[in-house]
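Just one chain is shown here, as structure tokens, and it is the form predicted on its own.
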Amino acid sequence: MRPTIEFLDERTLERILSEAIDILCKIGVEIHNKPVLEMLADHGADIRLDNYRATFTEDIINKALTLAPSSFKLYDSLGNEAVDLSEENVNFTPGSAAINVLDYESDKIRKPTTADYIRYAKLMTRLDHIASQSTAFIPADVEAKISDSYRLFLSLLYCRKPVVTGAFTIEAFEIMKNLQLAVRGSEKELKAKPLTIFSCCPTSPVKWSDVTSQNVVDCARYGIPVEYIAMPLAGFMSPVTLIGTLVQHTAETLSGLAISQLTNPGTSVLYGGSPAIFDVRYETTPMGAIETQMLDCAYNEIGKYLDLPTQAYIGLSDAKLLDAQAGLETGIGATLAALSGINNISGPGMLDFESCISLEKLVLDNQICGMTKRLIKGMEPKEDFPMIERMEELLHEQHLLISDHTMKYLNEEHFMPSQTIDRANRARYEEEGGLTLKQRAHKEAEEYLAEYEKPGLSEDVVKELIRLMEEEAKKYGMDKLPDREE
């Protein structure tokens, strides 16, 4: 039996939906994109161009919900199926867009470089419990205007896993789309085998900027899946109550769903988000707060009720170091997310309100992901009934270490974590150097990096990726890209 957890009863869930639809149909949504407003008008929305407001109809929302697919899959750069976003399948991906990296030697944050990103992408090839990579942090050694496309470029060059990404400008979409076409070969193949998910973020309360709404439209036109990342802050930019914040989150997400489906019916989407409570004591948005995690799990239930695949930023920490807080917040979040059946869980590797990544934490979180995936497999009998034969063997042999039953089911029943998780007795622990958690995670990361193998892209594809990126860099005054050690 698979263990599960729920936060909303059906009556409350339906009332949340009803209230959200009421907001969209009576107050509406602010959209700073004239073509999007005109498209909504064509489908019956009441549009006011003077204040960029669209008031929806229930027909628009119901049509969008009918058109949106209930699942989709992602494929790696070689075209192999990598991520199944359907039903209760659980997948992990690192958090996104950190501006700092936690330096292993100094335990201080610093600005990341291209070299840091390459280490990250190479490491991702070996983290078996994290199904996709993300454009996790922003290298500071390139022009800011190419930072979105440059991260995607490096990810595609060094790791074959699909990528969760996004664009902070309208202009960046074209090169990011072309990088994917270079890998897939054609628009038809890219639509057939999606390589990325783009994060598209409304602004609370109930607003889409020109950039984010255009990203939604552009992705829909090219069949690139999107995840809607509404970010209401309970007690600041949304009601202080968790239910009230869920209503607002639902309205903001449904507005994005409508834009996608009316642009291109059947566009693949994730019902996602990154809501949080607002801690008035410190004026922060704690991603590791239990209430933030409850919001994530609850809106996942709403997405599932609407028959949509889901995403959440959960399973990360607000700690500043790889310490006990980092472990407890990440572990609780990842466990709740897995029990809730969130399809794409974004968070591993992240610290400090998602502004910092630690490669050592990423290695640790890979083990947390493995543990939670074992948890949701649950328990079932495996030649355990009747038990009498097993007990007779145990009494006769005085152990079951090498019994046929043990050999058959050991690796299936018991999750075996890597060296980062210390399970040795104290004598062996001391004999092997008495390493701290951080030291063990770093050692594992260095071993993986030493064993790195290229993703297997053809030489022609690699050359085309480099050509596209170099041309984009020159548009913004960069004569050459940072050196990349091969």
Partner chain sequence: MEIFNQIAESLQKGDHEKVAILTRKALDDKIAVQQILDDGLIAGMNVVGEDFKHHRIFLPSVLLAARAMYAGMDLLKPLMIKEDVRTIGKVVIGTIKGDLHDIGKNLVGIMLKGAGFEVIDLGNDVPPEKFVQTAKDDNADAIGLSALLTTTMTGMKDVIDLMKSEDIYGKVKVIIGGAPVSREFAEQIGADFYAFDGMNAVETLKAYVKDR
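Positions refer to the first chain, counted from 1. None of the values given here were measured: they were computed from a predicted structure.
Separately, the form predicted in complex with its partner chain exists; it is not shown, and the next lines address it.
- Residue H399 is the only one of K108, R281, H399, K188 with a heavy atom lying within 4.5 Å of its partner chain in the model of the complex.
- For the candidate set M391, A324, M379, M416, a heavy atom within 4.5 Å of its partner chain in the model of the complex is found for exactly one residue, namely M416.
- Of the heavy atoms in K26, none are within 4.5 Å of its partner chain in the model of the complex.
- With a 4.5 Å cutoff on heavy atoms, L49 does not count as touching its partner chain in the model of the complex; it lies far away.
- Contact annotation: L410 falls within 4.5 Å of its partner chain in the model of the complex, judged by heavy atom distances.
- Its partner chain is not shown here, but in the model of the complex it comes within 4.5 Å of a heavy atom of N425.
- From the list 56-64, 31-39, 454-462, 428-436, the contact stretch for its partner chain in the model of the complex under a 4.5 Å heavy atom rule is 428-436.
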